[in-house]
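First come two forms of one protein chain, each written alone as structure tokens, so that there is a structure 1 and a structure 2.
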Structure 1
Amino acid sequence: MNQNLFHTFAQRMRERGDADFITTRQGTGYRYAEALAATERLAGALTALGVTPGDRVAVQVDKSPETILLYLATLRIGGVYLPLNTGYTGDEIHYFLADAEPALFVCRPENLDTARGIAADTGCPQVATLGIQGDGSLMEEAERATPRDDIVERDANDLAAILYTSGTTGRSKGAMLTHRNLGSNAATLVEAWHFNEQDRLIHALPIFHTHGLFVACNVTLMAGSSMLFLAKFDADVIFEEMPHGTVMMGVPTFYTRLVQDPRLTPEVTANMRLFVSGSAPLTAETHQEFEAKTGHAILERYGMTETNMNLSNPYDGARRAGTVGMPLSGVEYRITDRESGEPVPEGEIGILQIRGPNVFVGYWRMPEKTREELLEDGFFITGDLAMVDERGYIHIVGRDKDLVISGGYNVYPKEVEQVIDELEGVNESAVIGLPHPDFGEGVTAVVVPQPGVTLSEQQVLDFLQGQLAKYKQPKRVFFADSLPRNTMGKVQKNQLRDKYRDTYR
């Protein structure tokens, strides 16, 4: 049987024919049958543009229903979908295209000139555009091209997508995800979270990461339910739409913003059956406050780009604040000692490892990195510190990796430090995450100027403009004569986090 994930989706899409798939507040959107037909036209366009099975299709466009159709058409023709954060700068895009060598780069219409330049530099043969209204050369090509109603034969282990995640060394790594990885996880989540045809998901997340793309859209497709696509999170719009929705998925910042709003009441959430949180820790206070104000216990789950979703609080049963619940069906975990790699006794803190059909097959063209993190017995080292309590609920208590998560986006300090260190007059720098009321953690830089040099906060911030995506740029920059180091010479970021901990409070 064809194990192309799109084969499963197409069956559901045919069954759901007239039902809404994606709607928007502007009244545009696609019913399932229309979406299926559009993937045939887009598959024709991709073929005409030279995309063949196994080729990567890199995409940096604003959120629109057509972007999801592009994702589906890429799967249909056996391509590998490569979504890119809309906030990435030209420099960042250059790296991804050079590394992934896509056959096609789809960009925003207004970015065409820059995109062409980057494509020429990196050897990417084709560039097409896709705009927010479904405009641009890609959809025009789809109208012209001969539609393809076949679904290219794929093995479960063939690649369906590559998603870049930053690395501790500063170089982003492409996590290779297969049809099995995505399909097994979507099926598991439909069951675990009781998704059904009546569901209407309020979709306010971006669609270039696992959360908004795979968790939200694959689950919707598998369940045959519908999604309301919102350009971004806007509390005013969320409150208007909640009476017409049944589920919302969000990062903790969504919930910390909602609980501060007097419009959050049992009445406005009465039609909703489920609120899911993930991508970063949800504080127990937010969980409790949300429940007190609405009667809904937010369901917190835990996942990673490399693994999709692993752990989840139960749908039926207690959703415990401050925990990420239990392993999803088919997922195994162990909590191991940092030094020995052996499992730690129950109740003790160690490094969380995960195994299951959801776990990726490695980093694109980085076999050594893959061997370091994906063990021979199939367990993946998450780099998160966890412990399991006496009721079997898992708590994520910290990170073994040097990572900041700001509003659900990962920022690897090394990447930011490397750019700051290039500024003339900088001796060295350390980037840390500090408690932030809105983003959970605020990216913060401590900079050591060269002797005799005076730098200002604004100078450092100006230098980073255009080099790093906005969300990676520090919210504050502090200066110091030196960085605290241990006897091994390692920067003691804990001391810096202590010193500056009240910066955003």
Structure 2
Amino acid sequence: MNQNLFHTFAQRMRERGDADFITTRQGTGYRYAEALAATERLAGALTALGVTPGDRVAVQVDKSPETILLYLATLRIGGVYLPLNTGYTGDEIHYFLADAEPALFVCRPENLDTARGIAADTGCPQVATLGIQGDGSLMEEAERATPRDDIVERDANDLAAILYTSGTTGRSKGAMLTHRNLGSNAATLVEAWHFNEQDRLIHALPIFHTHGLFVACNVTLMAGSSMLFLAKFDADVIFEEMPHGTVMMGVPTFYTRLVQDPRLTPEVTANMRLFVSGSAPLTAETHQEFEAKTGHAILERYGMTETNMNLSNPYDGARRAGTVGMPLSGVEYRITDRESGEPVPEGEIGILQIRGPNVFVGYWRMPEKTREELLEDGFFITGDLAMVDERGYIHIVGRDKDLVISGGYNVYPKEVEQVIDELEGVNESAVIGLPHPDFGEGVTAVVVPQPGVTLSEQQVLDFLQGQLAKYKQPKRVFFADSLPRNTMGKVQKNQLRDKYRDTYR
């Protein structure tokens, strides 16, 4: 039996026929039958460009329906899809092409000259272009090439994609994801989140990341539902589209912007059945405000580049603010001591480990790093600090690398941030550890006040008195207009550590 993930998708696409698959605000898009035919033409183009089973296809293009068709065509011919962040610079692209050695690099039309130079330097044999209007040399090749209606045989353990981690510390690592990894997770999410053919997903996420590509698009394909492709998050557009949608997947900043808008009402969200949040922590305050204004409790879930989705608040049942829920079907977890690796008791904080059919098979050409993080018994060390409460809900309390050890005591940044965020006039905060001559690391807070509000360092420190043990209280408080974030909304604490690193010297 052919275990190529596209084999499953193709069956659903045939069944759905003339039903909408992807639509855009401009009126373009594809019905399922049209999309299936387009993958045949693109498969022919990829073959003509020299892509064979197992070859990597690196892609750095802007969001369009055709990008998803390219992803599907790559699967169809047994290739390995390698999406790259649209914000990466030429130097970063050079690293990825040199490391992954793709057979083809697909870039924006306007970047062709630069891309050819990088390809020549890294030994990438072919470069093609793809634009947001369905234009570019790849689509021209698809019109000329002989279509392929076959689906290359793949084993469940063959690679379907490589996604590079953000690389905030050290070199970016290529997480190798198999057909089983992607297929099992999509099927699990369809069931867990009750997706069906009538769903219309409002898609405002980028598609070079697990969330926007594998969660949103794979789940849509598996369910046979439809999605509206938006180039980016725009609150005006979201409010226009919610009466016609049923599901939205977003990062926390989507929801913080929506709750600040007076247009967010039960009436405008009446047709929506589900709001999902992930990729970064959602504050309890935003969760509660959104529910108060709409009657909808946001469903927060937890996933990673290396694992797809692992944990989720329940569709039916309490969606608890500040938690990421419980394991999805087929996923196991354990929380272990940072030093010994032994499981910790309920309610204690440790390192979260995950095992299941969704967990990747290793890092591309990094066997030592793979052995460090993917254990022999199949558990993956996520690097996230977590605890499970008495009701079985899991709380993510921060990244292990963000843990502050001050005077020999462990300080969990999220605990301090939650208290600071309760101070009137605070919009958000980030707590980091900086080199300190006496304590090893000094607890340091960076606070973003609400617009028009002026706060002092002493006000923040006075507010924390009596609420936190002395060793958890910041030794310094700095103020900023905003916190640095990546494209998925995660606060980049490494940038804050760099900026303030000489504070105690």
Ligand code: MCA
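Residue positions are counted from 1 along structure 1's sequence. Note that the rigid core is defined as the largest set of C-alphas that superpose within 1.5 Å between two forms. Just so it is clear, the structure is predicted and the values come from calculations on it, not from any experiment.
Each structure shows the same chain on its own, and structure 1 is the form predicted in complex with the named molecule. Superposing C-alpha atoms between the two structures reveals a rigid-body rotation of the smaller part against the larger of 157 degrees. If you overlay the core, the Cα of residue 474 moves by 21.2 Å between the two structures. Look at residue 401: with the core superposed, its C-alpha moves 2.4 Å between the two structures. Superposed on the rigid core, the forms differ at residue 500: its CA is offset by 7.1 Å between the two structures.
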